[in-house]
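Before any questions on how it binds or moves, here is one chain, the form predicted alone, in structure tokens.
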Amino acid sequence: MTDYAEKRTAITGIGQSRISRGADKSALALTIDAALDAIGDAGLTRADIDGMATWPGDRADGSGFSDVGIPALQDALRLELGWYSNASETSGQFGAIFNAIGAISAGLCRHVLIFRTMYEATARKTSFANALNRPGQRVFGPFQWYAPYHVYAAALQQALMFAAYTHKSGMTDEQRAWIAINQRENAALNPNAIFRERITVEDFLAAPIIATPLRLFDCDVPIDGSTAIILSHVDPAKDAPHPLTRIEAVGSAMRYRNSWTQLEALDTQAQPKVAEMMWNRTDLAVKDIDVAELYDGFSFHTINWLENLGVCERYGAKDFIAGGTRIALDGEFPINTNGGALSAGRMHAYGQVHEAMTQLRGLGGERQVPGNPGVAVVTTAGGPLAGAFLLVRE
């Protein structure tokens, strides 16, 4: 197998602030907590950090979607950098990680601090969290195609795509419920999860419809919090305090029309080509995966990933997830082991990265997947934005 750039990088440190539905700290303070936690976890000091990356960068618009960018955090930590990337036009949320891989491979830096901060729980007290448009705002770009139809929120926008999937697959609400039920089961074992009370199929069906076919429990939970990771070159990573955990393969492709409104594959979104790229960069296969942390901004994203990764056939997820046994902690393909964004909180795929590392280190506590997992897959998705990578613990 080709010695691709990602194979020369490893995640050496992870950190996370307190995750809540209303923080008693600023977004920057939460980011500092996560960053210092990750740096210490990697056995490094601030002086060792010579790169930074984040997605999508500072959006000072009051939405809480991304209140902290690199300039503020670099100044707060007094970091001296050889490289940084503060950009949104990348391969989904993982663009920060993929950019950092390239920078490390090019010799621009050795240890990159990567972070994602959400402050939507606080923002929603004064505005509409995750709004595509806000009252009185002039619409432009792709949003001009939504506003005339009152599509002001991501749930409404994404529901159009999920309705196409439901029509083609024949998946029922009862079948889909098992994603939310399974993740709440896992969250019940996670002391840091936002929602820990178990739910049933009946609870799922009794919940309000947000936008057909989405119900309340299909949607992720806006939170305040920050997650950080340290991505390092494998050479210094071998001396880190934790077992070496390499990035084995990435999927970052955009081989469709890069458009939320004109995406060709509405029912799969951009996932298939991303998965194809990732599998083409490794000798590993689906059978080698021990734990899967699959993006769940909405439950349908997770369902799509099960099919597009090749875990089950196209439109076969409804049977694969039925009853929840196959996707449970002790099942053949455990997913979203901390409760995911649906129950643990919307850390926008970086919660999945943090949890994958937790599982590979065997630190999951009551929610730890049995059998000493050594390979994890982590994904992100949403419309034309998608990314995936494999983590391997040496």
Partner chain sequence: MIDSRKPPSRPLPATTCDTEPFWSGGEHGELLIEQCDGCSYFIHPPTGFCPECESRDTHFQPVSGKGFIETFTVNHKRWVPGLPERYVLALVRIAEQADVRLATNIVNCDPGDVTFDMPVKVLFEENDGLWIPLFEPVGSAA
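Residue numbers count along the first chain shown, from 1. In this text the structure is predicted, and so the values were computed from the model without any measurement.
Another form exists, predicted together with its partner chain; not displayed. Remarks below refer to it.
Novice: For the three residues His150, Ala159 and Ala164, verify that every one has a non-hydrogen atom within 4.5 Å of its partner chain in the predicted complex; reply yes or no.
Specialist: Verified in the predicted complex; spot residues all in contact, yes.
Novice: Just one of 86-94, 178-186, 256-264, 303-311 has residues with a heavy atom within 4.5 Å of its partner chain in the predicted complex, so point it out.
Specialist: So the stretch in question is 256-264.
Novice: So in the predicted complex, does any heavy atom of Arg138 sit within 4.5 Å of its partner chain?
Specialist: Close contact exists here: in the predicted complex, Arg138 approaches its partner chain to within 4.5 Å, heavy atoms only.
Novice: Do Ala211 and its partner chain come within 4.5 Å of each other in the predicted complex, heavy atoms counted?
Specialist: Contact with its partner chain, yes.
Novice: When the contact criterion is heavy atoms within 4.5 Å, does Ala155 count as touching its partner chain in the predicted complex?
Specialist: So Ala155 counts as contacting its partner chain.
Novice: Can you work out whether Thr172 and its partner chain are in contact in the predicted complex, taking contact to mean some heavy atom pair no more than 4.5 Å apart?
Specialist: Outside the cut-off, so no.
Novice: Heavy atom within 4.5 Å of its partner chain in the predicted complex: which of Phe195, Tyr315, Phe320, Trp145 fits that? Just give me the one.
Specialist: Checked against the cut-off, the match is Trp145.
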